[in-house]
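Okay, so here's just one chain, in structure tokens, the form predicted alone.
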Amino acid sequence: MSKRISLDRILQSQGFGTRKWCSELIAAGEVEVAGVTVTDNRVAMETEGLIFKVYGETWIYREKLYIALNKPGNYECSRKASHHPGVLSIFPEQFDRRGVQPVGRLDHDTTGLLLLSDDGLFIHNQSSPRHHIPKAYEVSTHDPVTPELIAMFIAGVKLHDEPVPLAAASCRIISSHLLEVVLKQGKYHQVKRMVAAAGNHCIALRRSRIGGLGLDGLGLSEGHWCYLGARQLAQLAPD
């Protein structure tokens, strides 16, 4: 929805700093709109489709951010990382100021599709176990994958501290040491624990799809990210 607000408030909403800092940025001639340097911080502009430059870098106004990242290994999904770099260090610093956060978590050594946003409702809907959004994982195993392991995953595997066995929504063999598992739950270390409970060991884990949105369709190489538009967001809609 388009709004007409002052340029300093626009910059503040996009994570460029406090309103005072954004006003100073404008007064210093560091902001361009439609190829024209704007020095009046009070000038009001329509936000819809607004394209502007700060320090010569082009930005598009986005009321909320919806992002897909092909997460590399050895990054933590936390705003306050402790043992490894946080995934937010991959993005422009404006995203951190806007309150962007990972939607759910992947272990530091798990790679693949990770969503991030500053939209609290979106984060809640994607994270809530009530919505049963399927997530697909590619699992590299220590020992060969057997039909018996696949059967166990479909029937349900009993894990320590879980009251009932946990079953995969689907499971298939990709190659001798690689399988695809689709889950609708989100228990702690669930894939790794299920593989261990089935008598094998997970040596690498990659999330390839959330809902109908897959890394293959996004064309993201590891460590790269993109904004998500309406079409991609529709693929993430809860059941």
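Numbering starts at 1 and runs along the sequence shown. Remember, predicted model here, so these are calculated numbers, not experimental data.
The same protein has a further form, the form predicted together with uracil, not shown here; the description that follows concerns it.
Chemist: Could you tell me which stretch in 160-168, 145-153, 99-107, 122-130 has residues with non-hydrogen atoms within 4.5 Å of uracil in the predicted bound form?
Modeler: Heavy atoms within 4.5 Å of uracil in the predicted bound form occur in 99-107.
Chemist: Would you check, heavy atoms only and a 4.5 Å threshold, whether H189 touches uracil in the predicted bound form?
Modeler: Taking the distances in the predicted bound form, the answer for H189 is yes, it comes within 4.5 Å of uracil.
Chemist: Taking heavy atoms and a 4.5 Å cut-off, does Y75 contact uracil in the predicted bound form?
Modeler: Contact with uracil, no.
Chemist: Closest heavy atom of L205 to uracil in the predicted bound form, within 4.5 Å or not?
Modeler: Yes - in the predicted bound form, heavy atoms of L205 and uracil come within 4.5 Å of each other.
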